[in-house]
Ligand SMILES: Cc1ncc(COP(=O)(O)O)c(C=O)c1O
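Here's a solo chain for you in structure tokens, the form predicted on its own.
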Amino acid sequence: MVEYARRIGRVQGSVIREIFKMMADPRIISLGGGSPAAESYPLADILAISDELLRDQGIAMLEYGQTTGYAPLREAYLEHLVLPKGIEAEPQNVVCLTGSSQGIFLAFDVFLDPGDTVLVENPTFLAPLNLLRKAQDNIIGLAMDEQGLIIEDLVEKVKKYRPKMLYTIPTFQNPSGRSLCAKRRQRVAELAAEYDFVVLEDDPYAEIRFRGAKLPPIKSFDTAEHVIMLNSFSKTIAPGLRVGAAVARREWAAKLELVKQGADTHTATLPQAICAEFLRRGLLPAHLRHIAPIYEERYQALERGIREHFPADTVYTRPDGGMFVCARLPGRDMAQLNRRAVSEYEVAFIPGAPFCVEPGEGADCFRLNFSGSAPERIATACERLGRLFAMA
């Protein structure tokens, strides 16, 4: 019997992917996924753009493309999403990605050797945790409060562990929904320069804001060019396009491109061109204004449901955008409660433990998604969960 590679034993199955399987059952109300609201997809615009691209540039859209990305998308990304945020960059600093998740994989591949230390927010997105475990890297969790990762803890662990990289989701973090305040963002960039480590700034949710003032990306404070910023069109346009982008110092972008050559040759040309035209035609600002009230209404439905139906000792985050709320029921086993929620109450959520660095952490925490379900279904789900939690 052929044995699996030892590294695969360190990889956990994605509870999020299991939730997607449950979502195929129309009886299940899912508060577990991370999909945008189906009503937010700009179908008419995508159809019109696709028709025009295939009619006028059909052969080019179906040919192989450049590994670094479709040139009009790199230019449009800079013009509409990078330069307005105070980041100085040129097309040579940009690599287009097959979803921003690919940027995580590429950056880890470029910079990390087995045993290297990587700092992450604790809790954090499950996918990079699995990649780091598979690579046999040393993962160190960082404490967080309501304003994101705590700088004093970051400084202490930078001095102690001398990390190669910090992976952070600074805006509407997954799973917590928290955002790193501007002062701390600047300090992160300063520390990266002072102690010579890479900051991988994963920022797919930043444009999905329904209240509060926009925050500058960490990359905007990056005078020493130690930050790689990842963005995604999955959350703002449509996830099925699988298009994202990275902006980094020129030599780092070249290394990302080199690794990408062996990963997928290039991101599909037609989806890149659709995103480029969406930006060039000025459609994104109006689209974001259209979807913000949808997300706010769903968030309000979730917060109201938590207040009205969950136990009084429930602790939860209150984000200004994004897709997630992280909650805690002290002393409860949320993995066990999730199984009962699905089988007995036809509601799904994500237990918190898989998002945590160390085994045994986050057992009484859970993530709730508000973007993927209509307000009335969110209300029903909260009422059902409230009945379950009351007995726990």
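Throughout, we count residues from 1 along the sequence that is shown. For clarity, every value in this text was computed on a predicted model and none was experimentally measured.
Beyond what is shown, the protein has a form predicted in complex with the named molecule; the following relates to that form.
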- Report the stretch among 196 to 204, 253 to 261, 266 to 274, 154 to 162 that approaches the named molecule in the model of the complex to within 4.5 Å, counting heavy atoms only. 196 to 204
- Message: Whether R298, Q300 and S373 jointly form a contact site for the named molecule in the model of the complex is the question; each needs a heavy atom within 4.5 Å.
- Response: no
- Picking from N93, S100, T236, T117, the single residue whose non-hydrogen atoms come within 4.5 angstroms of the named molecule in the model of the complex is S100
- Among Y316, F125, F111, F105, which has any heavy atom within 4.5 Å of the named molecule in the model of the complex? F125
- Task: Determine whether any heavy atom of R209 comes within 4.5 Å of a heavy atom of the named molecule in the model of the complex, and answer yes or no.
- Result: no
- Message: Is S176 part of the interface with the named molecule in the model of the complex - any heavy atom within 4.5 Å?
- Response: no
- Query: With the partner left out of view, is Y77 within 4.5 angstroms of the named molecule in the model of the complex by any non-hydrogen atom?
  - Reply: no
- Task: Determine whether any heavy atom of H287 comes within 4.5 Å of a heavy atom of the named molecule in the model of the complex, and answer yes or no.
- Result: no
- Query: Considering only 353 to 368, what residues come within 4.5 Å of the named molecule in the model of the complex, judged by heavy atoms?
  - Reply: none
